[in-house]
Every structure is written in C-alpha cells, then in structure tokens.
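This document starts with one chain, in the form predicted on its own, laid out as structure tokens.
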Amino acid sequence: MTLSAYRRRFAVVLLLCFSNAVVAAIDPARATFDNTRDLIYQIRVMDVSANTRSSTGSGFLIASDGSIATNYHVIASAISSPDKYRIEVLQDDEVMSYIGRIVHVDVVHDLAILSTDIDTDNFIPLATREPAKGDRVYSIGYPYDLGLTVVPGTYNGLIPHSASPRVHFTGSLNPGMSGGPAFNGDDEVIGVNVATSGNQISFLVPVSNLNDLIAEAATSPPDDLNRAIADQLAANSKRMINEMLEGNWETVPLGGAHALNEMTGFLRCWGNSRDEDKATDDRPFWAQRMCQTDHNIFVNRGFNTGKIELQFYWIESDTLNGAQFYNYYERIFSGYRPGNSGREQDLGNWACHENFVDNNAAMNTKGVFCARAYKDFEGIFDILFLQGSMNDKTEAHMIHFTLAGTTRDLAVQFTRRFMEAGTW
C-alpha cells in the first residue's frame, strides 16, 4: 500500500470514529424521546364560549387507566372558573383529543392529576431515586405550541434555602413545557417541568412530590378541591411558621435599632442604606433589611400566596423639623403592602386593628394588624403587620411582616413572637 493510500484509509477511519462518537453522544436524548413520545401530551385549557385555547402546557401518562400528571398552574383556571373552561388532552397530530378531569391537586408543589379516557397499557415509570449532581437528564414538553421537544440538561440537585423543594435543572425550559416530564438515562421520570429563570436556569418539581400526590389520589381523592387546597395552604403555613418559631431569633444592628437575622434556611435577608454624608434636608439617612421566601405559590392568574416577608426600616435626620420628619415617616409607614398579589374576586377586604403597644422599650410604638380572607378557601388569610415608633422627632424605626396564606391561630402565634423579638 502506498503512503498516500494509507493516509486516505487512516483519515476514513478517523472520520468513522468521530461520527460514531457524535452518534453516541446524542443517542440518549434521541432514545428517550423515541421511547416516551407517545406517552406525553399537550394540555389545553379551552375557553368554552370562544371554543379556543386560553393556555397550554404539557402532561404525561402515569398509569394504564389514562391518568395524566401535569402542573397545577397549567389547569388552575379550570378550578377557579369551571363553567368557563374545559381541559383537553391531545398529541402532536391533534387527530384525537380527550377531556381531562381533575382528580387531585397539590397547590404547594404545583402538581395536578387528571383522569382521561385514553386507552393504553403503557405509561411512564417514575424513578425511585434521584440522580447524582452532574447527571445528564432530558426534559420533554410542548414549548410555544411548536410540537413535542426534547431539551437535554444537567441535574444540579435541590435548590438550597427554598421554601418548597425544587430541582435546579440546567436546561432551556420554555412556556408550554410546564407539566412535562424530565427523565434520567433509563427513561424514568425524575421531575416535572415547572418554571424557568432564563439563561438555562430552570426548575423541576421532584418526583417524590408526585409520588405523594399519586398515593393520596388513590386512597383519598377529595370531594371538594377548594377545601383540599385550603388544607394544603394551612399545612404549608404551619410547617414554615413552626420552623421559624423554633429558629434562631438573634438580632443584628440596624441604625439605632435592630433587625432579625436569618432565622431559618428558607428566609434569606438583604439590606441597603443611604449614606449619612449624602442625606439632605428632604432625604434623611435610612437603613433597611428585608428577609423573604424565594417564591410564591400560584393559585390562579393574578393571585399568588405562600409568601413570608419580614422588613425592618430605620430613619433619622437632624435637619428636618418635627412636622417634616413625621410626614416623611408617615409616607413610608403607610406605603407598606403585602408581599403577595390578589384580585377582588379572590380576596375579601382588609380588616385592620391598631393600637399603641407597650413593648418594654424606650420607644412608644403603634401596631397595626390587618387580615383579609380568601373567598374560595375557608379559614385562609393574608396577614399584614406594621409597628412603628412614635415618640421621637428625629429618629424612627418600623417593622413589617406579611404572612400570605395562613390561619388566624398561626398568625397570632407569630405576631406575638415577632413583637417580643427585641428589635427596638
């Protein structure tokens, strides 16, 4: 064999090796897609009057009886307005569609189970163990109504300091993929697509939460979904508030007063201040600190809950007169708002009580306690609490908290502890 012929044969061998390596690299994603695509569906919430889609998401078969798993937020409008919306379940070809009926939901972890008349013996198995950090995983869903799509990414474990468990998935989830499955290399579901922050930072609901909901739906499906949601919100609030009550209530300096430190892992604190040498006649020195949970619980469009927020604000001025300082202070005090959002059809009016507070401190303070009831979820409230100093014309301290989606008893327990924390 001539030298040139040998070189040509060697180049062909190298090209074949490279091609085989490329195929091997893409085979897991291709295999997962091919093995599961017939068991993954688009979820459409249809406006009955307009007979057109209002929102879309994804879902997947979890049992041979036609049960489908998806996100709660995908089908939430069909719970809040059942006469206005219906749920349809279909695949790429759109030839055959099915009606989805809500069996059970988990509003805290953003999960839902639907029953359908899909006739199949196949379903997608759920993983019994979580992947290792760095493992390759594959998310599938229907982004932007573009058809079924597979997105490879990396499993990064549970997010630290989160109010509820979420998996950090390094992959590009997009709207419409919510409720779709994320797989390990054995075609087992390790999580459910739920949210994205862009730049390949996405989140999955752990499969363990889905397993819990499936078990509960099999043994005790709710007769009243709103009652079930209210109970879930109350249980979640109790878990978090009890953890805070048992946490570390140490304080840190804030101006001439104090603020609470991070009492639990799921409350992260940040702060900032205005430089004293930049304070002017109309802008006194201030310092603030805020601690809050990392995300809200979606209830329906325009209504979220589950937020816990603590705020501490110190102001002082040696240039404003008493009236000017009080006006500045009053604008800030009256400007506090709850840390979650809601609509008139979801929430009652605020009922507030205020009084002067004896807290065994040098400052006289006024406290304001406000509550608003959830119209569809009996026994659940938003709580807004404010307390501010009253007896100084040059210095003031304000503290605030929001407890969204809690009960009266839990709110009273937390308020009492919060007022005794020694931040004055």
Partner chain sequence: MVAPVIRVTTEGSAPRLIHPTTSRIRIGRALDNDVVLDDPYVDPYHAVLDTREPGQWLLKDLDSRNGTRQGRGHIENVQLESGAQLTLGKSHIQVFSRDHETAPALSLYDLEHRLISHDGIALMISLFLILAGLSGITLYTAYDGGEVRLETIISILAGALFGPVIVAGFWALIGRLLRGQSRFRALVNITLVALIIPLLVEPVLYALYFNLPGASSLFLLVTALNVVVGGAYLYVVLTIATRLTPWVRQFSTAAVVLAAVAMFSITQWSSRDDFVHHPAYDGRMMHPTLLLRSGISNDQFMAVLPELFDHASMMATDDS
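Between two forms, the rigid core is defined as the largest C-alpha subset superposing within 1.5 Å. Residue numbers count along the first chain shown, from 1. Predicted model only: the values in this text are computed from it and were never measured.
Quick note: we don't show the form predicted together with its partner chain, though the next part is all about it.
Of the heavy atoms in residue 383, some are within 4.5 Å of its partner chain in the model of the complex. Using a 4.5 Å cutoff between non-hydrogen atoms, residue 336 counts as a contact of its partner chain in the model of the complex. Though the partner is left out of this view, residue 402 does not reach within 4.5 Å of its partner chain in the model of the complex, counting heavy atoms only. At the 4.5 Å threshold, heavy atoms of residue 388 reach its partner chain in the model of the complex. None of 141-149, 289-297, 349-357, 95-103 except one has non-hydrogen atoms within 4.5 angstroms of its partner chain in the model of the complex; the exception is 349-357.
Note on contacts: among 373, 31, 48, 63, the single residue with a heavy atom within 4.5 Å of its partner chain in the model of the complex is 373. Residue in contact with its partner chain in the model of the complex (any heavy atom within 4.5 Å), chosen from 256, 153, 284, 131: 284. Residues of 318-332 lying near its partner chain in the model of the complex, listed in sequence order, are 320, 321, 322, 323, 324, 326, 327, 328, 329, 330, 331, the criterion being any heavy atom within 4.5 Å. Remark: with the core as the superposition reference, the CA shift of residue 48 between the shown form and the other one stays below 2 Å.
Once the rigid core is used as the reference frame, the Cα position of residue 38 differs between the shown form and the other one by less than 2 Å. Taking 2 Å as the criterion, residue 375 does not count as shifted between the shown form and the other one: its C-alpha moves by less than this amount when the rigid core is aligned.
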